[in-house]
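One chain comes next, on its own, written as structure tokens: the form predicted on its own.
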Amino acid sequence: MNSEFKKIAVIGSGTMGSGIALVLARAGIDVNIVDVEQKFLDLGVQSIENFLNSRIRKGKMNDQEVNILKKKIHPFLKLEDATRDIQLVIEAITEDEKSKKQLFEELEIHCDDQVIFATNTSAIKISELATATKRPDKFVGMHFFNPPALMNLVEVIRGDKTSDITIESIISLCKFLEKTPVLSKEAPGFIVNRLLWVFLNESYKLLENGIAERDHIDKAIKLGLNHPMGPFELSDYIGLDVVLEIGEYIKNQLGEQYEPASLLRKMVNDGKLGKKSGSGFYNY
């Protein structure tokens, strides 16, 4: 099986961007990874190297395989340089509608007309982001899950004007990457995060209302629903600020019944964001 995509630009070198770049490179696709500052690019590349080194230690890859893979990943600071001769852009920047639109406006200037634009947004309407471009037929949601190198699911989301050809191309790419694509119409949170937000938010309310203790809630979900992580472990892993952004967006789109729990707001305001800040519902 071959891929029609030989070179892809990934915008954003954070957890998701670097993870997506790794997935593409493992499949033999050349990846241009882009960020606004060298320090962010360096962190992204280091994250990829840390993952690869762990695979070597576990005996799942050898040095030669890792070196071949590394040569597929090319860091850039300028969009104009990173978008030459590509067939697809995957946007993986901060979950902010205004920032994403500004990026796609700039990409529209630099990219050839046939380039497909994909967004890794976890909640924002695809059609709304597509208004920043002149190619709504070539604009699609391609939502990977964290960590992309290990999670098999990709939500493929169709906007109002996304063409069948674009959808077929992205589904084929997902299969080439050995991921499982699931189709969704656009709606706040799509499939997974629409359901996940309600689940997590109710967990926060159970805790803040004193219904049960943190450890008991996590244990109940792991043993009662066979989840690998409880809601508080999962929240810390995702990042409480990211969870709040998703919840705020869903609430703004669907109504006050989705209002984030006050406990979550307080923790984010206090800088307790989970693993990445050293403390959240747990300490790290």
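Residue indices: 1-based, along the sequence shown. Here the structure is a predicted model, which is why all the values come from computation and not from measurement.
One more form of this protein should be noted, the form predicted together with a small molecule, which is absent from this view; the next part is about it.
Screening 213-221, 254-262, 37-45, 50-58 for residues having heavy atoms within 4.5 Å of the small molecule in the model of the complex returns a single hit, 50-58. Taking a 4.5 Å heavy atom cutoff to the small molecule in the model of the complex, the contact residue among Leu79, Val198, Met151, Ala187 is Met151. Exactly one listed residue, out of Thr119, Thr162, Asn193, Thr83, brings a non-hydrogen atom to within 4.5 Å of the small molecule in the model of the complex: Asn193. Interface residue remark: Pro181 is not counted as part of the site for the small molecule in the model of the complex, having no heavy atom within 4.5 Å. Contact annotation: His143 falls within 4.5 Å of the small molecule in the model of the complex, judged by heavy atom distances.
Contact annotation for Val66: none of its heavy atoms lies within 4.5 Å of the small molecule in the model of the complex. Taking the partner from the other structure, the small molecule in the model of the complex has no heavy atom within 4.5 Å of any heavy atom of Ala27.
Contact with the small molecule in the model of the complex holds for none of Phe5, Gly14 and Val31, as no heavy atom of theirs lies within 4.5 Å.
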